[in-house]
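Just one chain follows, in the form predicted on its own, and it is written as structure tokens.
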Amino acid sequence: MTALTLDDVKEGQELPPLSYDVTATTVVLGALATRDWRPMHHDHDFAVHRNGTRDIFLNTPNQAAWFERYLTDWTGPRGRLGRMRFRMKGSVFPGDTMVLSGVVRGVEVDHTGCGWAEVDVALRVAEQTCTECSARIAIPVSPEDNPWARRAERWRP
């Protein structure tokens, strides 16, 4: 596989989907990794009887990590996340199959020569959009370029 460069990216381009079967382990390990000790992310009885939810559910940083993984899987190791915003509209529970999909909304090269893709990503379970995300990710403009080497004035996400 050749490394992705900005010439390979077009507005309107759809990213390949990523499907993942969520387990209780997925939810709990994400909460532990982010030091989120709130019981709704690891205690089924608390989540169901105190919060009124179906089960434990993915926390916010865990979802952020899934979005970052999805984007950097697409760009390859030289893709560098600049900004990301997302809005959670529903929960992701064990037993769900989450599907991440994305579309490129814009492509540009800034005044420093850094290549950027604006990407909208959706996390869906069945027909429900659980979270919507918009991201700005740096992509090499040539095979020799590396957004991770940019510092100070050359890095303006």
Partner chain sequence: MSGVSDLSDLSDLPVDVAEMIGRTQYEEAGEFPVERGYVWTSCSSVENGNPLFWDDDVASDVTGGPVAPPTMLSVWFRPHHWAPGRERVAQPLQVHFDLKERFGLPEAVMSDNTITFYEPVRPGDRISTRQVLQSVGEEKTTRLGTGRFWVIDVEYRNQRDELVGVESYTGFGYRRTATT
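Numbering follows the first chain given and starts at 1. Keep in mind that what you see is a predicted model, and the values were worked out from it rather than measured.
Below, we refer to the form predicted together with the partner chain, which is not included among the displayed structures.
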item	value
Single option in Pro61, Gly106, Pro94, Gly90 placed near the partner chain in the predicted bound form, where near means a heavy atom within 4.5 Å	Pro61
The partner chain in the predicted bound form reached by all of Arg54, Phe57 and Ala122, non-hydrogen atom within 4.5 Å	no
is_contact(Gly30, the partner chain) in the predicted bound form, heavy atom dist at most 4.5 Å	yes
is_contact(Ala65, the partner chain) in the predicted bound form, heavy atom dist at most 4.5 Å	yes
In the predicted bound form, Thr129 touching the partner chain (heavy atom, 4.5 Å)	no
Partner proximity in the predicted bound form: Arg151 to the partner chain, non-hydrogen atom cutoff 4.5 Å	yes
Interface residues of 64-101 toward the partner chain, as seen in the predicted bound form [heavy atoms, 4.5 Å]	Ala64, Ala65, Trp66, Glu68, Arg69, Thr72, Pro77, Arg78, Arg80, Leu81, Gly82, Arg83, Met84, Arg85, Phe86, Arg87
